[in-house]
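Only one chain is included here, represented as C-alpha cells and corresponding to the form predicted on its own.
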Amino acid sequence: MQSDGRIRTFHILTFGCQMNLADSSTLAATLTSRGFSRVVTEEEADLLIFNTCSVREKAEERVFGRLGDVVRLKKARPHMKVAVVGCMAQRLGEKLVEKAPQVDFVLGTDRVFELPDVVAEGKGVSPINTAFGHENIDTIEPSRETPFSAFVTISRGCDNYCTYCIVPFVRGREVAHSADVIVESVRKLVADGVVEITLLGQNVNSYHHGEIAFPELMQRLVEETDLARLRFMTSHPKDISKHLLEVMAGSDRIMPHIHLPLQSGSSRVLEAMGRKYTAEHYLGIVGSIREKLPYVSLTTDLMVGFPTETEEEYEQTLQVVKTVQFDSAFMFRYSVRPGTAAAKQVDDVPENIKIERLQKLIELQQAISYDRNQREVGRVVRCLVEGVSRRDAAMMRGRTEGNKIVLFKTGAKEGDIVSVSISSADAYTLHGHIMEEN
C-alpha cells in the first residue's frame, strides 16, 4: 500500500535506566492521546523513536549501532522519520545529526514530551531542541507498561555533580513534582488496577517540595492511597535519614528493599568522585538500615578503575562488599564521560587492570548473592506475579517484597499477589511453589 507520507504510527526503542522506561511510557501515552498508533516492530513505524542514555560510552555506541540499521529502513519507507530523544540527544545536540544524518528530530531531556508538536511541524517548533526548563513538570502525567505496576517519577534532574557522572549535565538541575500531584497520580493508578508503584528520581530520597521531604511523601502515600506495594529507587547515601527508616519500618506496604550505590570502598576515591560520604559513613548507614529493618534487601552500584585508584583502594572496595553482604550489585569499570570533572584527569588505570578488578569483584558478589539467597530457602514470601518465565512457559515469574525474582509453577495470573514457599535458590533466582491461601 502506497503511503501518503503522513506520520500515523510510532515505535519506541528505550536504552538505559528506569527513568528512561518511565519517560518512554509517558511519551507513548502522549503520542497515543494525539492520535498516533503504537506498533510492535520498527518496520511498521512511520516514526521511530530512540530514547537514549549517556551514562556510559557503551550505551551511546549501542544507539549509533542501531541508527546504522535505520538507513535500510528509511530506504524501504522514505517517509519514515527518526527521533533521538533523552540524555544522548541532550549531550550531543546538533552533533548527533552530523554523525547520523538519518536522524530527523533531536529533543533533549526537558523536551521529550514535545515530540508530537515537533512531528506536526507546529509553528516555531525546532527539530533540534535541547533547552532546559520544562514549563510545568506537574503537567507530565505518569504512565505504565503493565496493567498492575507502574513507575512514578517524583523528580527530574540532579544537583550532586559526582565527578564521573554526566547526568546533571544531560538531565539538568533537580526539579520535583508537588506532593499533591504525586498522591493524586498514585490514587488514579490504583483505581485503574495498579498494585505496585516504584517512585523514581535520579536521587529519589533527596526529594523536597515546599515543606514536604521524601519521608513525608512516603507517609502520605501510605496513609492517603490504597496502594498495596510501594518501592523507590535510586537512593543517595547522604539522604538516607532516620525518619525515612522509621516510615519504612512502620508500614508493611513499603517494600523492604533499598538500592544504595556505594561506588567505592575507599574514602579517598569517594572524595575524588564527589560522593559526599566516606566508607565509614556508608557502613554506619547500613548498620542503621539493618537495625530498623531486620529483613531488608540491599543492592548497590560499584565502580572499579576510577582515575588514581590503587590496588590497595580496590581491595578496600572488596572488603566493604564482604562486610555489607549486598543482595546484588550493578558493577562497572570506569569509562571517561566527556564534560565531567573526572574527564580532566588522566585515565591512568590500564584497561586490562580494570577488567581484572571487575571480574574479581563480580565473582565475589556472585558468591555473596548465592549465600544471601539461601536465607530465603524455607521462607514463605509474598510475590507479585509478573508473568510467564522467559525460559520456561510452564513456570510463572514473580517479584518478592525484597525485589528478588522467584519462579514457581503456574496457578496464578499476572497482577496477583501470592504466597510462595521457597524451596531452592541460586545467585540470581529463587524457586518455590504457591501456598494455598486461607
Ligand code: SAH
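Predicted model, so just to flag it, every value in this text is computed and none were measured. Note that residue numbering begins at 1 and tracks the sequence as displayed.
Omitted from view is the form predicted in complex with S-adenosyl-L-homocysteine (SAH), to which the following refers.
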Which of these residues, R144, R337, R229, R156, gets a heavy atom within 4.5 Å of S-adenosyl-L-homocysteine (SAH) in the predicted complex?
R337
In the predicted complex, the residue from F332, F151, F326, F105 that sits within 4.5 Å of S-adenosyl-L-homocysteine (SAH) by heavy atoms:
F332
Does any part of P116 reach within 4.5 Å of S-adenosyl-L-homocysteine (SAH) in the predicted complex? Heavy atoms only, please.
no
Against S-adenosyl-L-homocysteine (SAH) in the predicted complex, would V194 count as a contact residue? Criterion: heavy atoms within 4.5 Å.
no
Exercise: R56 in contact with S-adenosyl-L-homocysteine (SAH) in the predicted complex, heavy atom 4.5 Å
yes
Determine whether any heavy atom of A83 comes within 4.5 Å of a heavy atom of S-adenosyl-L-homocysteine (SAH) in the predicted complex, and answer yes or no.
no
Where, among 255 to 263, 311 to 319, 213 to 221, 177 to 185, do residues come within 4.5 Å of S-adenosyl-L-homocysteine (SAH) in the predicted complex by heavy atom distance?
255 to 263
Using heavy atoms and a 4.5 Å cut-off, decide whether S297, E376 and A427 all contact S-adenosyl-L-homocysteine (SAH) in the predicted complex.
no
Using a 4.5 Å heavy atom cutoff, which residues in 205 to 238 contact S-adenosyl-L-homocysteine (SAH) in the predicted complex? It's fine if the answer is none.
T234
